[in-house]
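Before any questions on binding or motion, here is one chain by itself as structure tokens, the form predicted on its own.
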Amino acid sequence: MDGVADMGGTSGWGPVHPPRRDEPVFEKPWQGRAFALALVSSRIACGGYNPDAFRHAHERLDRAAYLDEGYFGRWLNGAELMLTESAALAAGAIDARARNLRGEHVEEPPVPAPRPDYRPTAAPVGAGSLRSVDTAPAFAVGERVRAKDMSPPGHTRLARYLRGHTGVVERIQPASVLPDTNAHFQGENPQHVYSVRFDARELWGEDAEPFTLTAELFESYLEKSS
């Protein structure tokens, strides 16, 4: 799904600052509370923990909700979207409550009726996201592969800046839950995952700085390259 969340590899966002060794987990106390609220909200909306559905909620935020309120503001906006979509929370309820807490005395919307058509269940068949699959890997270490030039609807972990470009399989990783289906409660469908090494000039042209980039890509994202 192309959208504001697919920012990796794009230019115009300024320099990237790597984290400091002594950097706190949460810079401000409210960020820790936002983190906890987002996790609880996701569990309520999904019927369990589904990080892919949570990421997909972020992808559907508008540009202001995604960028203007910072990383943990984004988490809260994503959690609110999931809660309203699941009818656990009325649209506008959080804004009305915040205004009342500021003394504005506005009417808060009632709790909505449950949605009979919305019953997602995040029921993992194993701990974490790693799984075992019975099929042999389709690609070998050292093989040249191409990231498919595709833009599937919904959530995908195939970054836009990699699509259509060729790299080399560096390592075969353990199989993992496929986010493209798990985000939509369509099953885990685990696949082999490959570490694929790309040359920067393959991704950004001959004027790019000379370095290599390694991305973890699911098997269905790749095709053979001659």
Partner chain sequence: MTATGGAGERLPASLRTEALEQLLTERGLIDPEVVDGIITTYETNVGPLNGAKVIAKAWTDPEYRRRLLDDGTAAIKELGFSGSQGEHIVVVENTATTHHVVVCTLCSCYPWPVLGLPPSWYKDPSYRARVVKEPRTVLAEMGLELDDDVQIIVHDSTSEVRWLVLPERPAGTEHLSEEELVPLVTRDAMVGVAKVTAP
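Numbering follows the first chain given and starts at 1. Note that the rigid core is defined as the largest set of C-alphas that superpose within 1.5 Å between two forms. Everything quoted here is computed from the prediction, not taken from an experiment.
Form predicted together with the partner chain: not shown, discussed below.
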Even though the partner isn't displayed, in the model of the complex is Phe139 close enough to the partner chain, meaning a heavy atom within 4.5 Å?
no
| query | Is there a non-hydrogen atom of His184 within 4.5 angstroms of a non-hydrogen atom of the partner chain in the model of the complex? | reply | no
Practice prompt. Would you check, heavy atoms only and a 4.5 Å threshold, whether Arg157 touches the partner chain in the model of the complex?
Written response: yes
Exercise for the section: Could you confirm whether Lys148 comes within 4.5 Å of the partner chain in the model of the complex, counting heavy atoms only? Expected result: no
Near the partner chain in the model of the complex, with a heavy atom at 4.5 Å or closer, the residues from 29-50 are Trp30, Gly32, Arg33, Ala34, Phe35, Ala36, Leu37, Leu39, Val40, Ser41, Ile44, Tyr49
* Asked: Any CA movement of 2 Å or more for Asp62 between the shown form and the other one, core superposed?
  -> no
Q) Superposing on the rigid core, does the Cα of Lys28 end up 2 Å or more away between the shown form and the other one? A) yes
Problem - CA of Pro19, rigid core aligned, shift of 2 Å or more between the shown form and the other one - result: yes
